[in-house]
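There is one chain below, alone, in structure tokens, taken in the form predicted alone.
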């Protein structure tokens, strides 16, 4: 138990007024100090400015109870944030459980389902708006320095705010579409979000069809506790984006009735598919923030399904070499004629799997083979080319794996395998380039790239043979040396035996 002595202050520091001192020393019915050790330590470390602000808040009765004071001190805020809190009567009032019911009370640790999630005081003080000085009154109206008052801004609907969400977009745009105003806070932040949103499927669904199931600002950014996109706790942090989008797009009830351009129902399997994809595994599994998420391909405020041409442009942001090769290929012409989505036709969209050489197979049920049999019946060279690609790549890959294993065994025998390792590096590099150049769908182009890899196979094979010959030579030499030593030892032994015989 701690006593009021724990709150002894420096004589040169601002002292608590009698009311504040009384709260500090208060005990509950059991005689236990209401202020815990962490709150006591935090108070003792406050600067003079914050102590004076606490004195004023207690004097004005915006803080009236020890429990309320303890709750505020338990936030353990940095001085700049605590100053903002103590100067904001909205927060001081709505954080006092004696004045508010669960739906209007800012709590420290809201019980799940007991109070709205946006009424978490710890989240409010981390909000990017709050940190920049745009606090409660910035959205709700009123004067945060006044004693009382709820002069909500006129843009707020008088009723059904939760059912009709159209107003939110225009409301946020009051600031975020004003370049002059936003320049005060972040000159680099764009101010065209509203214009983009209006042209997006979300915007048209909300503003033209008046369907409030459509995503708007708070759907993705939250209400209180809005954080910058680079903050790991932000709802739009790269690693969190799939879950944020999935909150709607993976919910069959929310998405019921929405359709694709062709009239088919909009699926709700995208999030589950993405999690299993090579992109999802990179972002969600390995934490690779460079891996694409929903907004990489669909956009942010102008989020929209990419069209046929848009898919390849999205993919080419990362896979530029493949895209360049494809653009100059005969496949490009065929895809344009059939109005096929370029990359997605072979690789899929949300379910993109790690590529493998079996994709080039030409048998029934295979990617290349089935497509060529259906759309290139009169051109057997198509399947023959795919077969050539696969056979060449498989041959190089098998050689690389075989030589890698042999190299390890030779190294274990004490042989110098650096020349072999150098050739294996060349071989691996050539294999990667060969796999990339299948996107040219040209045997000639592929051959030019595969040739160095095949040459590296021959060079490595020669080096392995040389190493084996050297090893065998060493073995023969060793055997001869052992034999010679053995013969010498036998001769010495026989000589000694003769010397040991009497009379000799």
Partner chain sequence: MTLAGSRMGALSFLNKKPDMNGPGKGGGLLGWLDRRYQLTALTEFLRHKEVPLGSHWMGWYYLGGITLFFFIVQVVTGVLLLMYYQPGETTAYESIRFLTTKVPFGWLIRSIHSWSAHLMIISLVLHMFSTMMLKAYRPPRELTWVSGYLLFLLTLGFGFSGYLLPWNKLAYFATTVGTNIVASVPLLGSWLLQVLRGGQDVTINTLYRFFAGHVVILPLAVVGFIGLHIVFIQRQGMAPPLGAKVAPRGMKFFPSFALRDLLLWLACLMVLLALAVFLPYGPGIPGMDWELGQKADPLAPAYPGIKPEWYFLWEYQLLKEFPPHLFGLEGPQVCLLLIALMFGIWGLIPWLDRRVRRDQPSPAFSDFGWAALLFLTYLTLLAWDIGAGAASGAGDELTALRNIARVCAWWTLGAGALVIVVRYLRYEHRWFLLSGAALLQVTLHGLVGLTYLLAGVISVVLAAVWIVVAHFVGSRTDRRSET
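Positions refer to the first chain, counted from 1. Superpose the two forms; the largest set of C-alphas matching within 1.5 Å is the rigid core. No experiment lies behind these values; they were computed from the predicted model shown.
FYI, the form predicted together with its partner chain isn't displayed, but the following is about it.
Under a 4.5 angstroms non-hydrogen atom cutoff, its partner chain in the predicted complex lacks residue 59 among its neighbouring residues. Residue 49 falls outside the set of residues with a heavy atom inside 4.5 Å of its partner chain in the predicted complex.
Though the partner is left out of this view, residue 469 does not reach within 4.5 Å of its partner chain in the predicted complex, counting heavy atoms only.
Interface membership of residue 495, defined by any non-hydrogen atom within 4.5 Å of its partner chain in the predicted complex, is confirmed. The single contact residue among 363, 190, 414, 265, judged by any heavy atom lying within 4.5 Å of its partner chain in the predicted complex, is 414.
Checking 447, 41, 458, 475 for any heavy atom within 4.5 Å of its partner chain in the predicted complex turns up a single hit: 475. Note on the interface: of 249-257, 343-351, 406-414, 134-142, the segment with non-hydrogen atoms within 4.5 angstroms of its partner chain in the predicted complex is 406-414. Contact annotation for 474-488: residues with any non-hydrogen atom within 4.5 angstroms of its partner chain in the predicted complex are 474, 475, 478, 481, 482, 485, 486, 488, listed in sequence order. In the core-superposed comparison between this form and the one not shown, residue 408 has its Cα shifted by at least 2 Å. Relative to the superposed rigid core, residue 475 undergoes a CA displacement of at least 2 Å between this form and the one not shown. The two forms, fitted on the rigid core, differ between this form and the one not shown by less than 2 Å at the CA of residue 60.
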